[in-house]
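There is one chain below, alone, in structure tokens, taken in the form predicted on its own.
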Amino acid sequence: MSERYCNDSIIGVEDAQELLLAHVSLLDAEKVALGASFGRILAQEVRSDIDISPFDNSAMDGFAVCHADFVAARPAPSREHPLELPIIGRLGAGSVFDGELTGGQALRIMTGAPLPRGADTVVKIEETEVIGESDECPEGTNVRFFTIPVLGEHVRPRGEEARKGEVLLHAGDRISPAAAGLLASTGNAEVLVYRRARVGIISSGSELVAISEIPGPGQIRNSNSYSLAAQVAEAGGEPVILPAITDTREAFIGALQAAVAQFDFIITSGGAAEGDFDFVTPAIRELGELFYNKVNMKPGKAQTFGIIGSVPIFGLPGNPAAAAVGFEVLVRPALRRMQGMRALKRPVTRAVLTTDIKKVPETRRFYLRARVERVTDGAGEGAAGVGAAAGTAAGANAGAAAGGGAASASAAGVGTAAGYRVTPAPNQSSALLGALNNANCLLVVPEGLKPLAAGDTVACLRLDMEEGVV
């Protein structure tokens, strides 16, 4: 057992993020059916096994023709002097025309049908006049054209999407609806994807009762396990809610020993501080390696990270909002990395404060539950940007504070302040989930004592936008 930080040390948010990310490993890959792969992360390169499309085909319902017929027509086709050609048949998608289209002919063709040999252009049905349609001859006998089409118009060429052997998707790509279509087009009934992180969730507290029970004196329902499970699932993992444990050292050690044999990652809530009944830190010390147990953030200074065997253990505070914010800022990026996701940081929007924020006497970085909105009345126009040399108290530090590390504003997906305003929830108690439920961002107030004023520009970590969105 070793310990990176002593009990009275407090670690910065970026250092805490980096340590956690450095100690999680990419999970193994597994083959799953294509229909079960949506949203998963590819662990393989995917090449096309055929040309897509495998043949030239029509992009419109209309007539397959030879462009040379229009060029040679005298006079040029017009309303007064249309070019009239005989119709030699009709071709639908899934069928093939036997023979070759020669000069002076037209073939009625449907969208997706293969272009017949000899044809090089398709004219839309709406731009023609069909003559002689009947029950016996549904395609018509002749067709009139009134303009010269563009050569190759409305023809989807063979291999337009991809050529055989061409790389279509890369390892690390998320299987979106379009990617699923590409995988189906290339015959991938099964795909190799990174395994979902199996996450054990342990809530501690002698006061906790099941959610189906009516709490007695001094008791509360175990809500943290369920909010954290939802956060795990939203991050792509597979949450497993374990039985809540009492506030004893033996219960913590026993629960962690049992969990490390079953899970890829373990999250605890409660017992992460240094009170008489807080046993996360002692349990990790006894069983494995402790890296830190205090992070310079609010809510939730008591954030504990360690390793038991090869399994990361993260101890979140017991206060519901503090646990949820700690998960969002620290745990979520780690779970995404384990599952092969490349984008690890939520987008950041710069917005103009609608109210004053006082920090005295706290020097920690604040993550305030807030709501950012776009405005169209000019509010926020011309506000200073995050990281700008002439920025306000939320200036240069806010970009790094929100995005993590020294990443530039653009690399962290930072939006503009113009046209956005942000209002923090009036009650920022770490015990309440209501403010977080109504929030769409975490308003980042950098470390230090300097207050912020209405009109200042701040960074807002977007909870309503997925990582990788600009």
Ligand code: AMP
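Please read all numbers here as calculations on a predicted model, not as lab measurements. Sequential numbering from 1, following the sequence displayed.
Not on display, but discussed next: the form predicted in complex with the named molecule.
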Test of understanding: in the predicted complex, would Q303 fall inside 4.5 Å of the named molecule by heavy atoms? no
Looking at the partner-bound form in the predicted complex, is R221 within 4.5 Å of the named molecule by any heavy atom? yes
Contact of V232 with the named molecule in the predicted complex (heavy atom, 4.5 Å): no
Contact label in the predicted complex: N319 to the named molecule, heavy atom within 4.5 Å: yes
Which of 355-363, 164-172, 77-85, 200-208 sits within 4.5 Å of the named molecule in the predicted complex, heavy atom basis: 200-208
In the predicted complex, which of the listed residues (D278, E328, E289, E139) lies with a heavy atom within 4.5 Å of the named molecule? D278
Across 422-457, the residues having a non-hydrogen atom within 4.5 Å of the named molecule in the predicted complex turn out to be none
